[in-house]
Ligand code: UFG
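Next up is one chain by itself, shown in structure tokens, the form predicted alone.
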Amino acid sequence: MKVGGFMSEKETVLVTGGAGYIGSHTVKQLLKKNYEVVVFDNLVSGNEEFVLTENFVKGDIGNRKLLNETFRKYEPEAVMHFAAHCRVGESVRDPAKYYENNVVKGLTLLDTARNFGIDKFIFSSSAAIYGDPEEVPIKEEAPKEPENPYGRTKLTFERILEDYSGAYPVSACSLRYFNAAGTDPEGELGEIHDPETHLIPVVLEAAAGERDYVEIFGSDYDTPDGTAIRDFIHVNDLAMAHISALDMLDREGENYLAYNLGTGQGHSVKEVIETCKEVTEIDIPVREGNRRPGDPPKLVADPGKGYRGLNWEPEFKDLSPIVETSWNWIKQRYNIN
């Protein structure tokens, strides 16, 4: 395949959203595994300093002309699709933005890839497709009743992939993340969102003095301490799961598969805050507020099917080491000794 004007014997992967948090960490691991990588990102929420390959296209996945030019130039054999809007609250306030980007533009990407004969498509999905689950931990076969437009867009695109893989020569895999957390242990990449909404960096920014306090959104859930419970999985483990999925599609050639990506362990908001206090050795100010719309009380994965199907398991299985990588990034970012 042709990359940057020369022929390469390595498999080439197009990564949409490759300047974002999870996408950039996956690009780094792909490069370590000697894949050729092309990053396609409009930099609306991505960070150009996180682009680790010289093969970078700045553009929107809804731009069919630019997609055609990119596929023609780089000739990728696979697509990893991370590009999406992903804030639950915003999706409730502005669902049109989410359906346009996550579904309509995603379909433009998928159709373009199919037109170029790309037969491997890996999709960044979410545990938000399950809504408020009937049983926890959550299996892949659990009812899918998302409680917000963000989750509904992810589920819609999963169904599109399933239909396409049944009708056309494309193998697709949806990876349903629980709560992505942590940062590159080597310190080259981190987590930057504007605004930051992920719990662990929010708490650590308060520890760093960049926030006045941490607000707990709801302390009256039906959980042991009243706060919501989530399954936190390290971003490097998510990245490695994508590479395992690509290996699986190369090897098995399945039509459509979907896996939960989590650790199977749940941690409440208060437990996360206490762990951050222990790691930083800082007393972090906290306030209790109202629940946010669309937030289920408990989301914890049953990851067994993914472990078996992907021949993969997370390396970061405890919360403290995950928080430590994030704290190292925060200290580096804000020049804290």
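Numbering starts at 1 and runs along the sequence shown. These figures come from a predicted structure and were not determined experimentally.
We do not show the form predicted together with the ligand, though everything after this point is about it.
The three marked residues, T16, D60 and N102, fail to reach the ligand in the predicted bound form, with no heavy atom of any inside 4.5 Å. Between 197-205, 166-174, 109-117, 69-77, the stretch whose residues reach within 4.5 angstroms of the ligand in the predicted bound form through a non-hydrogen atom is 197-205. The contact residue chosen from H234, H242, R230, H81 relative to the ligand in the predicted bound form is R230, the criterion being a non-hydrogen atom within 4.5 angstroms.
Out of the listed residues R292, K277, K305, R64, R292 is the one that sits within 4.5 Å of the ligand in the predicted bound form by at least one heavy atom. Interface residue remark: E162 is not counted as part of the site for the ligand in the predicted bound form, having no heavy atom within 4.5 Å. In the predicted bound form, the ligand lies farther than 4.5 Å from every heavy atom of N260.
Residue contact check for M248: none of its heavy atoms lie within 4.5 Å of the ligand in the predicted bound form.
Although the partner is absent from this view, S126 contacts the ligand in the predicted bound form, with a non-hydrogen atom inside 4.5 angstroms. Counting a residue when any of its non-hydrogen atoms is within 4.5 Å of the ligand in the predicted bound form, the one hit in 176-193 is N179.
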